[in-house]
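One chain follows as structure tokens, the form predicted alone.
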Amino acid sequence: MTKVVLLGAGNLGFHFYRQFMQSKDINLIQWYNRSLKKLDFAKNKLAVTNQISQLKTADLYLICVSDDAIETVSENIQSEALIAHCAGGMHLNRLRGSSRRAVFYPLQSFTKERDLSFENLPFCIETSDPNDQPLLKNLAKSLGGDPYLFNSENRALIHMIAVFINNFGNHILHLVSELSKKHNIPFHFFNLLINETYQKAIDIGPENSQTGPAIRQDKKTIDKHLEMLKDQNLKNLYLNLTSSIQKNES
């Protein structure tokens, strides 16, 4: 059974906590966070601390903190055990302290309010020592996920693509949600369209899924939409995306 110390109580740390506590192959022995208040709900189930100097001896120290805090947190872990961060875009060498360094990056969007299954979840794994790969591969499998080996450069590319799909895609949904509210149009009207858009991209590929006035070169409709858009930010976004679709399909 792998002994794990979890560091960080953000969205990802919270989901790891729930998964680790349910696993028969993982022994979560301690949870660290700068604010103990965030760990109040868990203190009767495992050891919690806000002092890195008080970390217990473990097989793996899993760092789930902001990208900028990875170096500071890792350099203060006094152990020769494996230390891994979970950031998609951060290089393996951002870790300090132990010579045994690794990355354990789950390719998913995490929020505390949503239940998420780790079943078939891709885990991007990288280690400074190949001998440490089995530990992280087994950890991923214990959670129901699928481990993949990627170096820091390829993982950074995966993370950038994920930002386009998730963060930028969601930002567009946020913008049009505000637009619909402004005109008293319930945003839930678009739920089936959102589901179909992303499911179709999964089923037949986004290259076979594009529809709409841009790909049809329907100038009158495009001009009408631009006339309706009073927000310059939305208008520029509409123009840039329309131009990108037309260049890509030409």
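Position 1 is the first residue in the sequence shown; the rest follow in order. Just so we're clear, the structure is a prediction, and the values are computed from it rather than from any experiment.
Keep in mind that the form predicted together with a further copy of the same chain is missing from the display, and what follows is about it.
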item: Proximity of N233 to a further copy of the same chain in the model of the complex, heavy atoms at 4.5 Å; value: yes
item: Q22: touches a further copy of the same chain in the model of the complex, heavy atom cutoff 4.5 angstroms; value: no
item: Non-hydrogen atom contact G97 with a further copy of the same chain in the model of the complex at 4.5 angstroms; value: no
item: a further copy of the same chain contact at E119 in the model of the complex, heavy atom, 4.5 Å; value: yes
item: Interface residue in the model of the complex among N76, S109, S79, S142, criterion: non-hydrogen atom within 4.5 angstroms of a further copy of the same chain; value: S109
item: a further copy of the same chain in the model of the complex: contacting segment from 57-65, 23-31, 192-200, 42-50, heavy atom within 4.5 Å; value: 192-200
item: Neighbours of a further copy of the same chain in the model of the complex among 40-65 [non-hydrogen atom within 4.5 angstroms]; value: none
